[in-house]
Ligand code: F42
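Okay, so here's just one chain, in C-alpha cells, the form predicted on its own.
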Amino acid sequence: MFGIEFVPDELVLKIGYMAKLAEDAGFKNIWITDHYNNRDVWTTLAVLSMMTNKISLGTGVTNPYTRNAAIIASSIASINELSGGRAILGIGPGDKATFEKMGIDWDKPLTRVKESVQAIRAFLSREQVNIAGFKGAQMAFATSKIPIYIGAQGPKMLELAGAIADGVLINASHPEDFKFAVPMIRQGAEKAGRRPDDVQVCAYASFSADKDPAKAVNASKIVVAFIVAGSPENVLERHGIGMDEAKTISEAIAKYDFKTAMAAVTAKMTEAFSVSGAPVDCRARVDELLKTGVTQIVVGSPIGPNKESAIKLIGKQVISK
C-alpha cells in the first residue's frame, strides 16, 4: 500500500488539487505535516476531505506539545465526520529544535505520547477522561473508530508504538533502518500481548521520482541534507557516514547556506536517506523495503522535481507494478 505526504507550504487549494491527483493515481493514504510555520494541518485536512472521495486523510504527524489531546481528538473526529470516516491520526514526539524556537519544553516524550494516545482513544469513545492531566473531560459527539499511528525513531518509541498503536510512521528510506526498527515494533507488540502483524509499519521516505534519474536525485538533495544534519551518530554510522561530513552540512544549514549544504550531500547519503531515481530504481528500493516487514510506503518530500508529473509517474510505474 502507498501513502503520500504533503507539506502545506503552498496554497491549500493547490494541495487539494494534488491530493485528488494522488487519489486518482492509486495512493491510499494522504499524510499532512503539522508545523507552526506552514498552513494549519486541520484546515488543510478539512479542505482535502471536500476535494477527495475515498483516500484516507491524516496528520503526519501532530504532537502533544503544541496540541492538547482533547483538541486533537475533537479535530480528528471532525475530519472523520467531514470525510465520511476516512480520518487517520499520526502523532509523535515532534521536533525538539522547533519547540525550542517556540519556547516549549520537550519533556518526557515517551510518557507524553503514550498518555496522549490513551486519552485521545478515550475521548473518541466518549468516555470521561481522567488521564494525562484531564479531570473528567468528555467529547460531546460520537465518531467511528479512527486508526492511530505513532511517529517513532528510537528503540523505546518503536516498542511503545508496537504496544499501543495501529501503525508506526518511521522517517527512513533504507532497508537497514527497518532491519533495526521492525524487531523493536514486534517486541513491543508481543510484550503487550498483541499480534505483531496487527501493527502497520510505514516507511515515511524521502522520495523523488523522474524519468531523468539525475534530476530526481538532485531534487532529493535538500531534503537529504536536512535528514543528515538531524540524524543521530548511530544512524550515520549504520550507513557509513562520518560525523565530520554531517557537521559540514548542519553548519551550512544553520547559516541558511543551502547551496553549500546540497553540494556536501554525497551519493552515499542519497542512497541511505532517500528513494530517488527513475521509476524502475524507486520500485526496486520499494521491493527491498517490503521484504523487511514494511507494509506501507509513504512517498514523502520532495516527491519529485515536478510534484504533479511525479505523482502521475509513481502511480503508473511504481504503484501499479
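Owing to the predicted nature of the structure, the values given are computational and were not obtained by experimental measurement. Numbering starts at 1 and follows the sequence shown.
One more form of this protein, predicted in complex with the ligand, exists but is not displayed; see below.
Inset, instruction - Given that the partner is absent here, state which listed stretch (75-83, 126-134, 223-231, 146-154) has heavy atoms within 4.5 Å of the ligand in the model of the complex. - result: The contacting stretch here is 146-154.
Legend entry - Position in contact with the ligand when the complex is considered in the model of the complex, options 169, 216, 87, 249, heavy atoms within 4.5 Å: After the contact test, the surviving option is 169.
Legend entry - the ligand: the contacting residue among 139, 110, 236, 71 in the model of the complex [heavy atom, 4.5 Å]: Contact check passes for 110.
Legend entry - Triplet 207, 282 and 316 all within 4.5 Å of the ligand in the model of the complex via a heavy atom: Result no, not one residue of the spot touches the ligand.
Inset, instruction - Look up in the model of the complex whether residue 35 has a non-hydrogen atom within 4.5 angstroms of the ligand, and give yes or no. - result: Residue-level check for residue 35: yes, a contact with the ligand.
Inset, instruction - Answer with yes or no whether residue 61 is in contact with the ligand in the model of the complex, where contact means some heavy atom within 4.5 Å. - result: The answer is yes: residue 61 has a heavy atom within 4.5 Å of the ligand.
Legend entry - Contact of residue 95 with the ligand in the model of the complex (heavy atom, 4.5 Å): Output for residue 95 is yes: heavy atoms within 4.5 Å of the ligand.
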